[in-house]
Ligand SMILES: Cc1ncc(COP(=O)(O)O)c(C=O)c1O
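One chain follows as structure tokens, the form predicted alone.
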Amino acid sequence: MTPKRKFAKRVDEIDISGIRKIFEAAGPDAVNMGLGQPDFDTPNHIKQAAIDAIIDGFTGYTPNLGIPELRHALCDKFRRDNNFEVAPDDIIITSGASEALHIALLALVEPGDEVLVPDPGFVSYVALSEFAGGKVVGVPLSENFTLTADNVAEHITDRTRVLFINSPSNPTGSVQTRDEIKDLCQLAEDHNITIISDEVYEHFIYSGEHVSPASLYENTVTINATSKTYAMTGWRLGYVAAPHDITEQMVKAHQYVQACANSIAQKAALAAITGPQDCVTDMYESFLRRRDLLMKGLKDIGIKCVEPQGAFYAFPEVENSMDAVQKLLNKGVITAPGEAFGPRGAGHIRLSYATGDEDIKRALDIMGQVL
């Protein structure tokens, strides 16, 4: 007889991701509109850089922070694309953006500190904040699914430590305006709150612009990855930039949890960041076409949805999201329930259009029958 084991509350009280539950329950031939994974292959010049690294024997540990040439390349990227300066020693190469989120929260949040997260917002923000001992406070979004300074201000207390910003957003595809980012940065400065800015979808914006909070507010932790931009989800290569006193603390967690990011993936990321960007343009154009295809299809079958401005997600309204997800799964379409992204996600499902046109058409046909 297996004894009843006692587990740590930090994991025992956290549920498995609602996205993964549905994904793993689906059949092999299901249309996958649940996972946020581009259906493109990693570009050849990036794969070749990894092959060359293996042949050259670049298979050992790297410095905790990551290889210097990649961190220098990212300094140039932040200056060029994001309009802020950062020193190479204030960048940490991580095992995906997920690890970057994790070590940032471990460095910043004490038990009982409050973390403001968009509701609905990406599933990891809540779980990782709670792992760090934080108290999660969900902030309702505007009608366009953006964070506003007024809504955030209503939830600030003397225990507020961190504010999450994610633009373009997962799960809604919303993009914060420059004025909204400025107002949020000013509010954070007034209350000495650290912003964690998740920018993994920065290159997929169809209307509006990408504004990095770090270009306006020094007390910002900027998190990104090669996963979405270069179709490298399985390579698990992320990076984080922050003021020196923050990265100094983050690297302590990083060195014991991970030691260093995968050496071969770092060489591949260097080729991605410094190499030709045509692949990004091609993916952008495909995602834009797919967004328009999905939005027209939803409109034709009478499903309301705020048009996503970026990323590759739509967040349409449904009567009962858990019921809708299950019915669609029974018919071979994987989606994600809105509740997985926070209480205010109820009454919605998340659709990822990072899949082929024919799959989107097939999914729309089934949605028309089921919903």
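All values derive from a computational prediction rather than experimental measurement. Start at 1 with the first residue shown and count on from there.
Quick note: we don't show the form predicted in complex with the named molecule, though the next part is all about it.
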Consider the chain as shown here, without its partner, and state which of 220, 176, 266, 170 has a heavy atom within 4.5 Å of the named molecule in the predicted complex.
170
Can you pick out, from 92, 225, 188, 117, the residue that has a heavy atom within 4.5 Å of the named molecule in the predicted complex?
225
May I ask whether 36, 97 and 122 all come within 4.5 angstroms of the named molecule in the predicted complex, judged by heavy atoms?
yes
Can you pick the stretch from 194-202, 151-159, 275-283, 104-112 whose heavy atoms fall within 4.5 Å of the named molecule in the predicted complex?
194-202
Applying a 4.5 Å heavy atom distance criterion, does residue 129 contact the named molecule in the predicted complex?
no
In the predicted complex, residue 236 touching the named molecule (heavy atom, 4.5 Å)
yes
